[in-house]
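In the form predicted on its own, a lone chain appears below as structure tokens.
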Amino acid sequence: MKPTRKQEIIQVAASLFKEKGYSAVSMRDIAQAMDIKAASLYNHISGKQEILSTLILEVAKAFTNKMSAITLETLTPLQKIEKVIEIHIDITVNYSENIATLNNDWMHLEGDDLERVVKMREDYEENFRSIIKQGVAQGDIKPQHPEVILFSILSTLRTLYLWNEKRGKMDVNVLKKDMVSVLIKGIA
């Protein structure tokens, strides 16, 4: 299905945001990349803030919804962590430009959108933390500080979009299998 003009604008902006950063991109830059006049953009979109919100909220909602579903499943904590890692990989591979914007430019959101994203992130991390704590309590996970485990896994997953591009975009199934293994079992 052919994307709408609004979707085209958002996609072009996403590429520019990823390349230059939100602050360095103007509506004029987006229009120029699309070979149209800047004023024409406003027929389809209210401005950069709407683009930013659309890009970030799309992936933030995807992460939040997937995490909520995982927390309700009757799986072991390790199985839940495997699923979380796999979801991160899927979303990163399918929405790398959104992920770049989420990671690098979320702080430029304004008002309710900023509050929503911060709340979604906090809830997501708290759900992940709870899964880790449950795994430690059950003896499935080594008795290490849950914050260190959370940080180690999330910092790796949050930068996956950069690493994967530099490596020529690895096969998603290889990423899932090997990243789950390394992040859960370690390397020794």
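Residues carry their position along the shown sequence, with the first being 1. No experiment lies behind these values; they were computed from the predicted model shown. Between two forms, the rigid core is defined as the largest C-alpha subset superposing within 1.5 Å.
If you look for the form predicted together with another copy of the chain, you will not find it shown, but the lines that follow are about it.
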Partner absent here, but in the predicted complex, which of 62-70, 35-43, 22-30, 48-56 has residues with a heavy atom within 4.5 Å of another copy of the chain? 22-30
Each of D140, V148 and F151 within 4.5 Å of another copy of the chain in the predicted complex, by any heavy atom, yes or no? yes
Given that the partner is absent here, does S130 sit within 4.5 Å of another copy of the chain in the predicted complex, heavy atoms only? no
Even though another copy of the chain is not shown here, does R116 get within 4.5 Å of it in the predicted complex, heavy atoms only? no
With the partner left out here, check for me: in the predicted complex, does some heavy atom of I87 sit within 4.5 Å of another copy of the chain? no
My question is simply whether H108 lines the interface with another copy of the chain in the predicted complex - judged by any non-hydrogen atom within 4.5 Å. yes
Between 60-86 and another copy of the chain in the predicted complex, list the residues on our side with a heavy atom within 4.5 Å. L78, I81
V180: with the rigid core matched between this form and the one not shown, does its Cα shift 2 Å or more? no
Answer yes if the CA of M170 moves 2 Å or more between this form and the one not shown after aligning the rigid core, and no otherwise. yes
